[in-house]
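The chain below stands alone and is given in structure tokens; this is the form predicted on its own.
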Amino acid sequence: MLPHIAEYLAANSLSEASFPIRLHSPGRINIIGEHTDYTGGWVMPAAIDKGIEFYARRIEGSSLVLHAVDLNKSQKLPLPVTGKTGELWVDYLAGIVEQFQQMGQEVPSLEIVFGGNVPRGSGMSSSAALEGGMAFLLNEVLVAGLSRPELAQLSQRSSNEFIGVPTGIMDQFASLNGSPDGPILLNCDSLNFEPISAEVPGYSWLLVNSMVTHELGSSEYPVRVAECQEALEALQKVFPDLEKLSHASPDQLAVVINDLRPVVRKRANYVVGENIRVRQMAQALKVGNVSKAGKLLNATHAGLRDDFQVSCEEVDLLQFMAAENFRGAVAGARIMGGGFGGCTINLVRSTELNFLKAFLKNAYREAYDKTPEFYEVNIGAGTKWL
């Protein structure tokens, strides 16, 4: 049990034993394959040891009594769910309830206490952990019999239809289906996936949190989705059998590239190139090719910065200082997550971790008067019972 949840229960004279339904829903990192999930592409995410813990029990009445320990907030959600509440943390849970209602399920009254240790705004997808954990919980309570991939699809539909954000499936899928053996190579179109090894002898994965989150992220995300759709529709005029933008080859894209608006051309170039990089990364990690893996990380960052335009100056500085100023110790680095803030993910020689942290801390403080946070990556299992 996370310490702050234990403190909350104790302060409210509640015992762990009184909550028989207990689970851990992890956050996720993504080695490579950013902004390709909603175009049916390849991604390489991993569940991590940081996440959200849920404690639930049945109660009388016709509502969910929700306690968000991290936010120090509680709210009663009437059942059945009929629409948004206006509180985003509640709506993430309400949207999952609404999906089960659409299946004809009658969600019973529950008291749910939850909290976690995923830094919000870091790009480690605390929202997907919240959605996936709630879906996993209700699947058990209702004996609905959905598989983990099906729960990921349900969670994505909730994000798309209830929350109103056109996300892909990567975050929810990784949280629910992650493997402790390493990241998964996931085809976001077929949902076929396999665990692969991300262990590179002598190297470690390090996340560096810029401690900034620009509001641009929420408004620009749907714009990127629409621009990718525009590129796909142009391709389909010439290649009518092409179902997803990520299925396009560089040669196919070259046929229509001059017909695209300049900004859409950039988005399409990035998506097609990123899908190639994901598969190249799988091969590089399989044989422990550090140099190749690092170059791919740097190339992805350049693509996200210049073609997809979802980076920001603070994250660009962290990436540059690691990949260029600390070259030799850092094989490569890139922005991770939706963009406009959050973390960089770095492949670092293990013996140089402390030196890199000290260097980045001092340089970033000098540039922005902010202290970055560092997280050494521990890959873990997907959603599990406690």
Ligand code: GLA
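Keep in mind that this is a model prediction, so the values were computed, not measured. For every residue, the number given is its place in the sequence shown, counted from 1.
There is another form of this protein, the form predicted together with alpha-D-galactopyranose, and it is not shown here; the text below is about that form.
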item: Stretch in contact, per heavy atom within 4.5 angstroms of alpha-D-galactopyranose in the predicted bound form, of 165-173, 178-186, 202-210, 133-141; value: 165-173
item: Option touching alpha-D-galactopyranose, based on a heavy atom within 4.5 Å in the predicted bound form, out of P45, G332, G41, G337; value: G337
item: Contact residue in the predicted bound form, from Y221, F239, F193, Y92 (heavy atom within 4.5 Å of alpha-D-galactopyranose); value: Y221
item: Residue contact check: G33 to alpha-D-galactopyranose in the predicted bound form, 4.5 Å heavy atom; value: yes
